[in-house]
Structure formats: structure tokens, C-alpha cells
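Below, in C-alpha cells: the form predicted on its own, a single chain.
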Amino acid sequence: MEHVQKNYFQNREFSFTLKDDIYVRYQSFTTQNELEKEMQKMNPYKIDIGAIYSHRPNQHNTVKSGTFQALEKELVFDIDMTDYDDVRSCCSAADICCKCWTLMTIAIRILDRALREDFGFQHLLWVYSGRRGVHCWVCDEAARKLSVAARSAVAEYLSLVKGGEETVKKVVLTDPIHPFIRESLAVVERYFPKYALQEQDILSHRESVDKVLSLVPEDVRKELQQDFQNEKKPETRWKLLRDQATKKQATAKKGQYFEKEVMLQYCYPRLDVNVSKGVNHLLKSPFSVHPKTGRISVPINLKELDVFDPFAVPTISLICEELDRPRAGEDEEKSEESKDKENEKDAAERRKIRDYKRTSLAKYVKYFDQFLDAMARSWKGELLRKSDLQKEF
């Protein structure tokens, strides 16, 4: 990242989690090489990335009290499948399957659109956590410099599902429906029939039907309970519920968006707002290994979002195995390397850079490189724009 300000990397906090959940916070490094050596020495189970501080984090104890402050950090979002346990029937807790993974696809579609179109951010990196969720890193300069209050405002704008376990109805819509909610509903509607009605069976069994009906007005509930006795097909049941909503909306003075509220309660992204609010909040580093699954935390290419399979991402054991396979053209390489003994260090570096290309990580690293290139281009464009502005005066 040669195009960022000089002490950006040095003032960035890294946190290692060691065996037995020992946290080592406020680590910082002068060079990439130093970080690599420390990782090899400490062998952390988990690596988190924190904010950029006013001073080097590893010297935070020597700084005059009150002056060591988090200056900037990417705006981050963390979506975890466990927060959907009340609305998914296939799995619970840390388990996921391809049926409920659709929730992550919907979350990414809704939030990515809103962050780009409603807020104007451009550089969004979506990353699979390696187990049961996704992270988003918004890397635009404007996002990195947001205050805690501004981060909270963005997170609140994006939050629709409110209330804990004891709250039955977690989504309440009021007139007029905000354009952002309409846009989000358009995304949910694309996935809802297959995901909710077929895969999650939300209108098939008595228990799940009662759960849905607890979200509609009482008079409607009574009518639908009657109608459902003669109609068992989930799609038709859903149509009956929608018809009731349309009828209500035509006669009532306000609101009555209960069919939309059901869709949002079952499918709308559930954010951990605290992760987004803090400037000094830690988030797991992309490309780190998930300690429980061995899966690599890989970036998700949104062009391939609908076919992304969390179970097919590379694992650390697969990558080790790929690196152990004999290379093609190993012999020619050896003779070349003996020629330039003085360039041995360069050769080792070159080999290290080529190594990942022989593994399943290659396509993910390539996508990450493209993401960084786009950031560098817009950064250079911004510098040119500023220098042009100065010339005009």
C-alpha cells in the first residue's frame, strides 16, 4: 500500500488471540516483514485489525495520558447468523447450511446497495467470516474518518429489526414507507418465495404458521386461521395473507403493512450495531484462518454472490496440501536460481509471491488486489483533482 500516508501502517492496531483466549492488544509493526516474523513467533489463533491511532499502538503506555487516540478506521459491519435464530428453522447457534445462507446473500445485497447509493461510498470489501457470518469493510476516506456519532447514525439508518427475544413484532412500518425500505423490500421479494416459503417452510407447520400470524392484526389472524384450514399450500397461504393486507390498506386510514413487516422480520439484515459504532472496535482480519473451522476468511466477489458457497472456501489444510505438491518446472527453476546466488533473497521473495498462485487462494487474492487497485486509482485521482484545483487559484 505505497500510496497511503507514511505512518498509516505503523499506527494501525493489530490484536492477536493466543491459545486459551489470551488477547494481546495494541500491537503494531514498522514493516510487513516485522508483522510476518511476529506472527510466526506468536502463532496466533486469531488476528484482528483495529484503528489507526495518533501514536504507535505498541507504545501506548509511554504516551501522555489522554493523547493516545483512535483517529480513523474503516466503517465496518458484522452480520452473524446466530442473530437470526428466531426466524430460521434449519439450523441454530453456530450452525449454518445452504438453506439459511440465503439470509447472508440478502443482507449483502441490501446493505451494499444502501451504502453505495444512499451514502455514496464506493470501496466496499465483503468478507466471509470463515464460519457463520459476513463482514463489510467500507474503505473510502470519508468512511474512515467518520466520528462515533456519524457511524452510529449510519448503523441506525440501516437497522430495521428492533427488540430482543421478548419482542414478538420486531419490525413496525409507518406511513409513508421510506424509499430505503422500499428498495430493501424489492431485494427481499426476489428471494422470499423460494427461501421463506419453500426452504424455511414458514407457512407449513402449525408452530411456524402461528409465529407468522402473531405478526398480523388480531382480526386478520382469526380470518387467516380459518382460511388456512382448507388451504395447505404455503404459496397460496402467503397469497391469502397478502390479499388481506391489500384489503386492509384500502380501507384503513394508515399503515397495515403487515405482509411487508413479516418479510422484513424474516429476511432483513440483522446488524450488530456496536461493531459499527466504535472507531476502536476490532474486526477479524481478512484472509485469517477461522480457529473453529479451519476455513479462510475470504473476500466475496459480488458478481458471484448468488453462487458463493461458504462450505467450498479453501481451508488451511487444503492450502498446506497444495503447497506440498511438487511444482511444475521445478528443475529449470533450480538451475536458474544457482546462477544468481547473490539474488537469493530476491528469489525467495519471488517464490513466496508465486506460491499462493498454486493454491485455491489465488482467485481470492486476485479479487482483493483488484479491490486495492481501484482504491489506489481513486486516491490518485483525488490527488490530481486537488493539485488541479490549486493550479486554478
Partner chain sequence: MQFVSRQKKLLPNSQTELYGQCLQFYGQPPLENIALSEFETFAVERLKLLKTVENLGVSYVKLSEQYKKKLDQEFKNLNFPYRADADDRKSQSGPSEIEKRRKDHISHFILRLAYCQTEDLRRWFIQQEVDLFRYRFSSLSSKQKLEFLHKNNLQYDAISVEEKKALQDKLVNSSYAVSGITVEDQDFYKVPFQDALDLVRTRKVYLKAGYVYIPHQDIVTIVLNDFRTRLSKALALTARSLPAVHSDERLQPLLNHLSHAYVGQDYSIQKNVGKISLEQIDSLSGKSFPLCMRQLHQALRENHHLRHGGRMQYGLFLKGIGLSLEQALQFWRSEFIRGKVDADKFDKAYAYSIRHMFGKEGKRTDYTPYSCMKVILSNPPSQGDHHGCPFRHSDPELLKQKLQFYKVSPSGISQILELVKGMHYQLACQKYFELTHNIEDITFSLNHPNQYFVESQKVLGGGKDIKREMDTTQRLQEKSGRGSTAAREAAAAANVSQHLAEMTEELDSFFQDA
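If you're wondering where the values come from, they're calculated on a predicted model, not measured in any experiment. Residue numbers count along the first chain shown, from 1.
Same protein, other form: the form predicted together with its partner chain, not shown, and the subject of what follows.
- Query: Is Ser159 close enough to touch its partner chain in the model of the complex, meaning at least one heavy atom pair within 4.5 Å?
  - Reply: Flag for Ser159 set to yes.
- Applying a 4.5 Å heavy atom distance criterion, does Thr246 contact its partner chain in the model of the complex? Output for Thr246 is no: heavy atoms all beyond 4.5 Å of its partner chain.
- Spell out, yes or no, whether the shortest heavy atom distance between Asp118 and its partner chain in the model of the complex is within 4.5 Å. Judged by the heavy-atom cut-off of 4.5 Å, Asp118 is in contact with its partner chain in the model of the complex.
- Query: in the model of the complex, does Glu165 have a heavy atom within 4.5 Å of its partner chain?
  - Reply: Yes, Glu165 sits close enough to its partner chain in the model of the complex that at least one of its heavy atoms falls within 4.5 Å.
- Query: If contact means any heavy atom within 4.5 Å, which of 104 to 112, 281 to 289, 146 to 154, 185 to 193 contacts its partner chain in the model of the complex?
  - Reply: In the other structure, the partner sits against 146 to 154.
- Looking at Glu321, Glu235, Asp309, Asp175, which is the one with a non-hydrogen atom within 4.5 Å of its partner chain in the model of the complex? Contact with its partner chain in the model of the complex is made by Asp175 alone.
- Message: By the heavy atom within 4.5 Å rule, which residue out of Asn230, Ser317, Asn274, Thr251 makes contact with its partner chain in the model of the complex?
- Response: Residue within 4.5 Å of the partner: Asn274.
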